[in-house]
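One chain comes next, on its own, written out as C-alpha cells in the form predicted alone.
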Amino acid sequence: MNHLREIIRTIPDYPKPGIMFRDITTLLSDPKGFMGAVDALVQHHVGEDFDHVAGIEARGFIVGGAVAHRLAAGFIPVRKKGKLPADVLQQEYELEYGTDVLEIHRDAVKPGDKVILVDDLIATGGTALAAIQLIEGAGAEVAACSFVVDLPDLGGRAKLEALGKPVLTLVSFEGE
C-alpha cells in the first residue's frame, strides 16, 4: 500500500507549527487510490462477524460509509456534540487543550452488536478511544478498528491494541 503514501498530501505546520498534517482529500479525489484503499479495508473484514461499521466525523464518514456499503453493513455516524437529531449517548474525551464530546444515537446499537470502527487516521488515539467507550458503553462490542493512515510515533495504535482491539492501518508515516 506504499502507493497510497504517495497520494496522501502532507501539509507542513498545519494546524500549528511543527505538525505535519496528513491530508487524505488527495486520496479521496484519486479514483484508483480511493477505490484501492476501500478495497483493502473491505478485504480485511470479509467473512468477519460484525453488525455495523461506525465512522468518526468527518473523514471517517467517507471511508467508513464506503466500507459499510461494500460489506453490506449498516453505518453508524459517530458525531461531534449537537449534530445528531434524536436521543443520544455521549462520551467526553481529552484534547491537547481542553475536552470535546462524541455522540451516537441511543438506538444506533443493541447490546451484543459487533462493530468495526473506521476513521481516516490514528494519531494519539483519543478520538478512537472515546468512540470505543461510547459504542461499548451502549452495550455493543468494537470488534476491530481500521484506519487509512497510522502515525505510530503518537502511540494511538498501541493504545487500541492494549485494549485487545485488532487494528488495521494501510499506510504508516513513521518519524514524521
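Quick note: we count residues from 1 along the sequence shown, nothing fancier. This is a predicted model, so every value here is computed, not measured.
The following text describes the form predicted in complex with adenosine monophosphate (AMP), which does not appear among the structures shown.
Q: Have a look at 62 to 70, 108 to 116, 126 to 134, 27 to 35 and name the one stretch with heavy atoms inside 4.5 Å of adenosine monophosphate (AMP) in the predicted complex.
A: Flagged stretch: 126 to 134.
Q: Decide whether Ile19 counts as a contact residue for adenosine monophosphate (AMP) in the predicted complex under a heavy atom distance cut-off of 4.5 Å.
A: Contact check for Ile19: yes, within 4.5 Å of adenosine monophosphate (AMP) in the predicted complex.
Q: Quick check on Ile122: any heavy atom within 4.5 Å of adenosine monophosphate (AMP) in the predicted complex?
A: Judged by the heavy-atom cut-off of 4.5 Å, Ile122 is in contact with adenosine monophosphate (AMP) in the predicted complex.
Q: Please run the contact check for Leu151 against adenosine monophosphate (AMP) in the predicted complex: heavy atoms, 4.5 angstroms, yes or no?
A: Heavy-atom contact with adenosine monophosphate (AMP) at 4.5 Å: present for Leu151.
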